[in-house]
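Below, in structure tokens: the form predicted on its own, a single chain.
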Amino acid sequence: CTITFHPDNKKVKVPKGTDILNAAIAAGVYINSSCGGEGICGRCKVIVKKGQVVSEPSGRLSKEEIQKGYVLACRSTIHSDVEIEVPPGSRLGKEQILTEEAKVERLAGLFSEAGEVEKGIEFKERKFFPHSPLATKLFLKLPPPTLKDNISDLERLYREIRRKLEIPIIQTGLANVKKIGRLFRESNWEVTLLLGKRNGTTEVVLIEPGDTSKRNFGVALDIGTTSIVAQLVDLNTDKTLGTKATHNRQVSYGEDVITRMVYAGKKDGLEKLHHVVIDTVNELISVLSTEHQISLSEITGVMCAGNMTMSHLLLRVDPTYLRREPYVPTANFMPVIRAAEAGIKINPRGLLACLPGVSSYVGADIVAGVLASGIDEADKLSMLIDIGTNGEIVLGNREWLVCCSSSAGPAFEGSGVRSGVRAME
């Protein structure tokens, strides 16, 4: 059956009996579904314009809505070619990250201008972290072997690395070992290495001919329950080149983390939740790389932060036991892996690292906030409040920290409300 979604005019072919919600996801049309397709929330209302659709009875639809052709996308199956209109209240609108200029323009008149600071008081920006990216490029001119200097090519490589950097443990993969013999000689012993920090060791991730050290980029990801933000960073200069954001399309399977955990336990549920977030991440990376004229092969590292459920789903790790007593995650510290293992499209040998979490409901997002704010280094008592779909409060100083978390989505993002929609473009 062919189904057409308006106003996007997107079409997709699906088997007879497919529900409208899954057909919409297959077409790249994302519909609100707080309950993950259980027919409880009533937020996936769509209008059948043409064709045969079989719908289950639902108390979430009024008589007037039924007369106008409204059905719940999750409880309605397709039995012919159909045309569906997705009304504004059921759509996921576009999100934008405010640039500094946009913030000034949109907030004009809401806040008064800053007054003068008392003279004699000097504020200095503190640099909490030294520049130490996940993946670093190093250009080397290797001395060719001679009868007197006849160590192996790999030992020669390690020796020259240690002459430049203090690295006690170096490793590389068999794929690199197989190609270095010819590569070194064809490049006149001039090569660029990609050195990656991987699980306590330094790995020679990639070996390229010539000097490509000036082109090395990374992506910082914030995988939120509701939104996903990506920043493109020049790993040589520490400069942020661009920022893009969009909705986390997992919302079609459930608006809160508990609903998504439940959905992950269904047949193919974990795969669907994983792929929808990976597809979104790849779209953001593609847009950023195109805008800044950067090849995907020049992006060598991805650093990710998110709550514990989002981290599990990103890596296709079953989150079921996060919600079951005694509420234990599969891992707080995820290993550094090839980004390709998770499906992220950057350099095929590029790395993906996730910041660690603390417990099932205190994840890497709040850990990142603590580190960025520096309250873990403060002498005085401080409080960090992070309000998103999930809300966390951290209290403490350099000697101790305590954290609590709770769902904040219903209050701040409209999850579960019966009237009104999210702010949309």
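Source: prediction; values computed, not measured. In this text, residue numbers run from 1 along the sequence as written.
Separately, the form predicted together with another copy of the chain exists; it is not shown, and the next lines address it.
- Residue heavy atoms within 4.5 Å of another copy of the chain in the model of the complex occur in exactly one stretch of 83-91, 284-292, 254-262, 140-148, and that stretch is 140-148.
- Contact here is defined as any heavy atom lying within 4.5 Å of another copy of the chain in the model of the complex, and by that definition each of I180, N199 and Y321 is a contact residue.
- At a distance threshold of 4.5 angstroms between non-hydrogen atoms, L194 is out of contact with another copy of the chain in the model of the complex.
- Although the partner is absent here, E155 is a contact residue: one of its heavy atoms lies within 4.5 angstroms of another copy of the chain in the model of the complex.
- Contact between Q171 and another copy of the chain in the model of the complex is found at the 4.5 Å heavy atom cutoff.
- Although the partner is absent here, D268 is not a contact residue: none of its heavy atoms lies within 4.5 angstroms of another copy of the chain in the model of the complex.
- Taking a 4.5 Å heavy atom cutoff to another copy of the chain in the model of the complex, the contact residue among K239, H131, K164, R185 is R185.
- N332 is the sole member of T243, S297, N332, T212 with a non-hydrogen atom lying within 4.5 angstroms of another copy of the chain in the model of the complex.
- Residues of 213-227 that come within 4.5 Å of another copy of the chain in the model of the complex, judged by any heavy atom, do not exist; none qualify.
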